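To begin, one chain is listed below as C-alpha cells, in the form predicted on its own.
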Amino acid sequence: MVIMAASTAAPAFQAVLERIADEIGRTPGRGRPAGYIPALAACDPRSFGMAVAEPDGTVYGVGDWREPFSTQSVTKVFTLALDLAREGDALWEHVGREPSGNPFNSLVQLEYENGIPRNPFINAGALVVTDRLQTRTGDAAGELLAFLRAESGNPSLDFDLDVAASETAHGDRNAALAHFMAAYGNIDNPVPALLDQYFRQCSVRASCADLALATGFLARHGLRADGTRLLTRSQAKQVNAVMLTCGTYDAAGEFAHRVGLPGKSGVGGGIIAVVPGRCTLCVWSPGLDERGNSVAGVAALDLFTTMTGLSVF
C-alpha cells in the first residue's frame, strides 16, 4: 500500500482535488452539523477534506483529508459487506433492496411491510444487518473495526465511546425500530445488546484517507487490499447498486442525478463513493442539508465526476 502526501502527489487526481477544494472554498453555504449528538454539533461546517484511492492503494488528498471524523452511517456499507460475505443471498430474505422514500429512522414502512426493512442503509435495515453479523461473529462492531483497520492500513482506528454513549442516550427511536422488528421475528439478539453493537459501529472515527482505502474492495470487484476475496463480483455489484439507489437517505435520486456514482453518506458529514475498477473516494464536511447529507461533500463529488468524466453513466 502506497500513501502519497498531498504536497508530493503528481498525477491528475491531485490536480483535480486541488481544483475542487478551491471551488468549494468559495462556496458560501455549507449547511449545519447534526445537532442531536454534541460531538457532531460542535464541528466547524467550514471543515473540508477529500481523498481518492486507486485500486493499488495509492491515495491522494486535500484539505482535512487526514482529520478523523465520526463515520456514522458510512460504516453500514462495511457491515453489509461483512455479513453478505458470510450468508450470501439469505440476507435478502430479511432486508430489502429498494429505496425507502422516507426518513432514515422512519417507523411507518415497517408496519405495513411486516417488519422487513426496505433497504440495509436506513436505520431499521442496518439494525437487521448488524444483528445478523452479531449472530455469526459474536462481536459485529469488533469485526467491523478489524476490517477497517486492515483495509485502511491504520491500526489506530477506534470507536469514540463518548459518541456511542451520546447516541445511546438519544436512542429511543432505534430501540423502537429494533423491538418492532423483533416482534416480527426479524431480530435474533437481545435488543439492548444489538443497540450497543450498532451505536459502537456508528461511532468509529476515521479520516477521508482511511475510508477511501477501506472502500477499495468495491472498486476491485470484491477483492481486499491483500488480494484475498471478500465478495464475489456479483455481491460487490449488489453492494454498489444498493449504494447508488439507497445510500443517501431519501435523496438518492438527487445524488445519482448530480454525482452518478454509488455512494453512502453519514450524518458526521462523510460520504464514500465508488468508481468500479478505477478508484474510491471519501469526502468530509460536517455541514448537512435537510436530508442529512453533507452540502459541500455532494458538491465536491459532483465536481469530481464533472471534471474527470468518471461515472457509472
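Keep in mind that what you see is a predicted model, and the values were worked out from it rather than measured. Note that residue numbering begins at 1 and tracks the sequence as displayed.
Heads up, the form predicted in complex with a further copy of the same chain isn't pictured, but that's what we're talking about next.
Using a 4.5 angstroms heavy atom cutoff to a further copy of the same chain in the predicted bound form, none of 14, 147 and 161 count as contacting. Picking from 130-138, 235-243, 148-156, 199-207 the stretch near a further copy of the same chain in the predicted bound form, with a 4.5 Å limit on heavy atoms, gives 235-243. Proximity of residue 254 to a further copy of the same chain in the predicted bound form: non-hydrogen atoms within 4.5 Å are present.
Residue contact with a further copy of the same chain in the predicted bound form: residue 182 places a heavy atom within 4.5 Å of it. Contact check for residue 259: a heavy atom falls within 4.5 Å of a further copy of the same chain in the predicted bound form. Proximity of residue 109 to a further copy of the same chain in the predicted bound form: non-hydrogen atoms within 4.5 Å are present.
Interface residue among 176, 193, 90, 165, judged by heavy atoms within 4.5 Å of a further copy of the same chain in the predicted bound form: 176.
Contacts with a further copy of the same chain in the predicted bound form, taken as any heavy atom within 4.5 Å, map to no residue of 39-61.
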